[in-house]
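Next up: just one chain, as structure tokens, the form predicted on its own.
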């Protein structure tokens, strides 16, 4: 999915604050299509990883309880100029990746 993650990362006093917005439908598999009455298949992000210099600074495993277009914020020890790469994989094999320099 193109442009599926918008990421911002700012450093202050050795702590980097990351804010990310992911574009994804996040379907639970429990909702029904109002026109056909058939269930909409489950389609959700199952793993999100953030790496800096090859080191994992954040890893999260999600399920169906996360809302559409999820927002994620976290902090880690780091500095200005680092390159942060975030990626996600969903239960249907789709994925998204974005990289940003820490300001």
Partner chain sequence: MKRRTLLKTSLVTGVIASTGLLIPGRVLAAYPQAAFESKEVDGAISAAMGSSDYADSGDIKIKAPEIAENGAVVPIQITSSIAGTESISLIVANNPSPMAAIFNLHGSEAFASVRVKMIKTSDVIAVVKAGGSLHAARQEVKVTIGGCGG
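The model shown is predicted, which means the values in this text are computed figures rather than measured ones. Positions refer to the first chain, counted from 1.
Just so it is clear, the following notes concern the form predicted together with its partner chain, a form of the same protein that is not shown.
The closest heavy atom approach of residue 63 to its partner chain in the model of the complex falls within 4.5 Å. Residue contact with its partner chain in the model of the complex: residue 52 places no heavy atom within 4.5 Å of it. In the model of the complex, its partner chain sits beyond 4.5 Å of every heavy atom of residue 39.
When contacts are judged by a 4.5 Å heavy atom cut-off, residue 11 does not count as touching its partner chain in the model of the complex.
In the model of the complex, its partner chain lies within 4.5 angstroms of at least one heavy atom of each of the following residues of 46 to 74: 46, 47, 49, 51, 55, 56, 57, 58, 59, 60, 61, 62, 63, 64, 65, 66, 67, 69, 71, 72, 73, 74, in sequence order.
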